[in-house]
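This document starts with one chain, in the form predicted on its own, laid out as C-alpha cells.
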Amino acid sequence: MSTLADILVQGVLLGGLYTISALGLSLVFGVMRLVNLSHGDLMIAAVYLALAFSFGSPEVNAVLLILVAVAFAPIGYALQRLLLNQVLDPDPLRPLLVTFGLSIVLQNLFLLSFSADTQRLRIDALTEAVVSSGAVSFGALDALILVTAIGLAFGLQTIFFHTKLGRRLRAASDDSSTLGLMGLNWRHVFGLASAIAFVVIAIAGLLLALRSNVDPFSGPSRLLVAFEAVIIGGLGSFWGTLLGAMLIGIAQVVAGTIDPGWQSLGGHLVFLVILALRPQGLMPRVAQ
C-alpha cells in the first residue's frame, strides 16, 4: 500500500515531466496565440532525430541530447518563418488545420522511416539509478526531470518578463502590427519565440524517451496532457503551467493507486473540474 508521502512524491515527479511537455505549448500560445496540434509529434521528432544521430542505437549520451535540443532551435525558427507565420489569423481554424496536417505528415514520416516499433533512449548511469529515503523511493531520472522543469519554468519566466527579448515577445503578443513602428519585424520575433519553444519541446521529447517507450503515434497523447496543463494553469503563464502539470500528475497517481485503469481518467477529471470552476485558469498571465 503506497503511503501518502510516496503518492505525493510520485505525482510531483510525474508532474515535472508534464511541465516540460507543456511549457513549449504555453510559450507558443502566449506569444502567437497559436494552438499547435503538432506539438506532441514534434516532441517525438526529437527522439527520432537522436536515434538517427546515434545510428539507431538507443544508447545515447548527454552531449548528443544537447546537440539535438540545440538543433531544434533553427528548425523552429524556419518552420515559423516559412509556414506558421503565413497562416496566423484571428480565425483559429487556419493554423489548427495546418498544424493538424503537419501532425499527420510527421506521424507517417516516423512510420516510414522507423517502423511502428516502440523506441526508447538510454543512459544507463542515469536511467537505472534509484534514490531511496525511508518509505519513498524514486528514479534519479525523475528527479532530474523535475529539476529541469522548474529550471525551464524559471528561465522562461525570466526571459519573458525581465529581458529585452521578452519585452519584444510581449509586444508582439499584444499587437504585432505596432512592432514595425519600433523598427522590429514581427515575423522575426515570432521566429525567435518558436526557436526557444522548440528547444523546450525537444528537451521534453528526449526526457520522455529516457523515461518510457514512444512510437510514431505517441504525439497526440502528449499533446492532450500538455494542453490540459496549460489550460489549468492559465494560458501563457509558465508558473501556472507548472502548477497545472503538478495537479494532473498527482491526480493521475492518486487515481492509479485506487485502480490502475483510472490513472489517465484522474487527470482528465481534474482538468474538467478546474475548467468548470475557473475557466481562466489558476494563474492566468497578467501584463507586467
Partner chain sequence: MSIDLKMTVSGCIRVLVAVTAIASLPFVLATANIRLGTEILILLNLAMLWNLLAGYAGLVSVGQQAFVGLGAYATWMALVWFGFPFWIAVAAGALAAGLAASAFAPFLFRLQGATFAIGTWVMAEISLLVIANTSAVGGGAGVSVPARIAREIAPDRAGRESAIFWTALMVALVVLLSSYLLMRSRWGLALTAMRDEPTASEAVGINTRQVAVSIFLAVAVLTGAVGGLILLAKLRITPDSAFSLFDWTAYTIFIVVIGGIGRLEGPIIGTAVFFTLRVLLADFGPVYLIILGVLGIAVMLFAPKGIWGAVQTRTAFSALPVNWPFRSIAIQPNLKIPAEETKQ
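Only the largest set of C-alpha atoms that superpose within 1.5 Å between the two forms is called the rigid core. Positions refer to the first chain, counted from 1. Predicted model, so just to flag it, every value in this text is computed and none were measured.
The next section is about a form of this same protein that is not shown, the form predicted in complex with its partner chain.
Contact check for Leu8, Phe154 and Ile159: none of the three has a heavy atom within 4.5 Å of its partner chain in the predicted complex. Screening Val147, Ala78, Leu126, Leu96 for any heavy atom within 4.5 Å of its partner chain in the predicted complex leaves a single hit, Leu96. Proximity to its partner chain in the predicted complex, defined as a heavy atom within 4.5 Å, singles out one entry of Ala50, Leu247, Leu223, Leu27, which is Leu223. Only one listed stretch (62-70, 42-50, 239-247, 226-234) carries heavy atoms within 4.5 Å of its partner chain in the predicted complex, and that stretch is 226-234. In the predicted complex, none of the heavy atoms of Ala143 sits within 4.5 Å of a heavy atom of its partner chain. Residue contact check for Gly56: none of its heavy atoms lie within 4.5 Å of its partner chain in the predicted complex. The closest heavy atom approach of Leu192 to its partner chain in the predicted complex falls outside 4.5 Å. Using a 4.5 Å cutoff between non-hydrogen atoms, Pro74 does not count as a contact of its partner chain in the predicted complex.
Of the residues in 88-107, those that come within 4.5 Å of its partner chain in the predicted complex through at least one heavy atom are, in sequence order, Asp91, Pro92, Leu93, Arg94, Leu96, Leu97, Val98, Phe100, Gly101, Leu102, Ile104, Val105, Gln107. The Cα position of Trp262 differs by 2 Å or more between this form and the one not shown after fitting on the rigid core.
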